[in-house]
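The form predicted alone is given below as one chain in structure tokens.
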């Protein structure tokens, strides 16, 4: 597991890598997956890339990128509370469902999707369910995103997406390959019950 020394948690706020964000109710609280994807993003960004974060939640990943790189970034989230939280954390944000309202093209699209396999009886009421519910196999939202992502990338664009062994990393990797991406592992962490991996997918 990576070193946690740079994470500072206080009531309703988190400090990480030169940035501080506030958390509000009904928004996914940053966890190991958030920090892993933030670190992976920083390792990929080289200059003035144009970046979209899908499902930005609290805005922590976008805020870390904004504070530590020269890239421009905008977030999108279906949850109105998440959009409000991201905006209050000084990141530009759109409220929308995945890529449905995105018209432009980006160098990099970042996504920490809902990946938990979820039975009907496990579905939660409220907006927070959008951050957790991955459908019966954990891949429902991931596959929806992948089907549309290509049109939002520049010719040499890239997807950076966090996935979990709970939802089948090999199956997701295979779907990306079938859609014409070259897929590599960026970072991963092993836990007692799952492995988290950040997949880097480039257009051929």
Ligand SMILES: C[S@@+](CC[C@H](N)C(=O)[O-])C[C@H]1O[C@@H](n2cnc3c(N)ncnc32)[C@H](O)[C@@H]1O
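Remember, it's a predicted structure, so these values are computed and weren't measured experimentally. Residue numbers count along the first chain shown, from 1.
Although it is not shown, the form predicted in complex with the ligand is what the next lines describe.
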item: Candidate spot 97, 111 and 131, all three touching the ligand in the predicted complex (heavy atom, 4.5 Å); value: yes
item: Heavy atom of residue 102 within 4.5 Å of the ligand in the predicted complex; value: no
item: Residue 55 within 4.5 Å of the ligand in the predicted complex, heavy atoms; value: yes
item: 4.5 angstroms heavy atom contact with the ligand in the predicted complex for residue 89; value: no
item: In the predicted complex, residue 30 touching the ligand (heavy atom, 4.5 Å); value: yes
item: Segment assignment from 39-47, 169-177, 146-154, 58-66: heavy atom within 4.5 Å of the ligand in the predicted complex; value: 58-66
